[in-house]
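Presented below, as structure tokens, is a lone chain in the form predicted on its own.
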């Protein structure tokens, strides 16, 4: 397993955190603890799914944002946008006006990433026809799911379909196209508008790639507010330009690609689409336990309603889905030919579509040394027979099993458990003031001082 640490886009602001443990209790990989009254992230466990971000009642968890001014470091800046961005706006806001506003913010070109969906669809069909890779194949579209498999279901990494998602294909295409046009590679800046923290993390430390094709990331809520302010100012000043027809509209498949079933409905065979991180985990457990048979392909997305439910989307996910589905139905009335530019590079993209094998990074691996790891596993089992098994979280860990693992890794003690404290007190092995000091170490003075 690689020793390299994952990059994480989610950040905890300790000065704001109140140590409520809401984040710890919803984390699907047990990546959070409470220490001295503050949430602490265990980087090796985090998959940047954003569940903690949603749960925090005081907005102490934030998402990393690249400096927008980096756009001006390049003479030719390209903004790659998911169709999802246009779904954030009401249907009466024309797409061409949104694109024009993005141009005014400093981007030379604005391109929907889903133009590459057709190439990926064809490549996936050919791959599944000719590959004997173990089924079901799992889409690599959602980076939070890829990381979830790495850390929590490492035995399933060989099921991941090793094909670049549309974002990377479009970035690869545009960089090649602009270089072929004679532009200096160092003057080409490619940026992506993201709706989730996991894509930021994937761009900063890609999995299955040696490097990212992007030069920066712009958060969806940030760019939405910039565009909205621009459109509002134009309307107020009466300077809003008339809408112009889209030069290369997306296909209905491209419009729906980032939504639930957007990918699975375009793959032949028995395919299932599952959204929501906990639903995804349930299905991965079934695959791991060999409880499913006859399934060829799994589209797994960490967010409810897939990318429409991303934590950086300003609009309601259900309204966004409705807008995009309406747009796809309208587009069905006017068949779309493949984008001539990207189609010209089809052979080049097919040759560079493959991802490198994804390495497991199991959070269950207690030690690099096998003998020590086995001894720790036995100790965890013994501790579980001692701990109460109620998963109350008072110890600052999300579950008794998490506390047991922390104990064998010298990150906690058995006396952190409030039930063990009471047993020790009853046997006169620990004084009440010692128990109080343990709780103060976990939950901080703010919650406990004055209660002595």
Partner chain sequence: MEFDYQITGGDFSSAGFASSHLKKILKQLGIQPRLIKKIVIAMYEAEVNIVAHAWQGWIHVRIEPQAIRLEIQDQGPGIEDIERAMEDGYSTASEEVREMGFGAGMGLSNIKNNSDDLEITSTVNEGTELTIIKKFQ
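Positions refer to the first chain, counted from 1. Take the two forms, superpose them, and find the largest set of C-alpha atoms that agree within 1.5 Å; that set is the rigid core. Keep in mind that what you see is a predicted model, and the values were worked out from it rather than measured.
Beyond the structure shown, there is the form predicted together with the partner chain, which is absent from this document and is the topic of what follows.
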_One stretch from 176-184, 108-116, 271-279, 376-384 that, in the predicted complex, holds residues within 4.5 Å of the partner chain by heavy atom_ = 376-384
*Exactly one of 325, 350, 365, 344 has a non-hydrogen atom within 4.5 Å of the partner chain in the predicted complex; which residue is it?*
365
*From the list 285, 332, 296, 91, which entry has a heavy atom within 4.5 Å of the partner chain in the predicted complex?*
285
*Would residue 291 show up as a contact with the partner chain in the predicted complex if we use heavy atoms at 4.5 Å?*
yes
*Contact test in the predicted complex: residue 51 vs the partner chain, heavy atoms, 4.5 Å*: no
_Would you classify residue 155 as touching the partner chain in the predicted complex, given a 4.5 Å non-hydrogen atom cut-off?_
yes
*residue 371 within 4.5 Å of the partner chain in the predicted complex, heavy atoms*: yes
_Yes/no, residue 125 Cα shift of 2 Å or more between the shown form and the other one with rigid core fixed_ = no
*Does residue 186 move its CA by 2 angstroms or more between the shown form and the other one when the core is aligned?*
no
*Rigid core fitted, then: does residue 268 show a CA shift of 2 angstroms or greater between the shown form and the other one?*
no
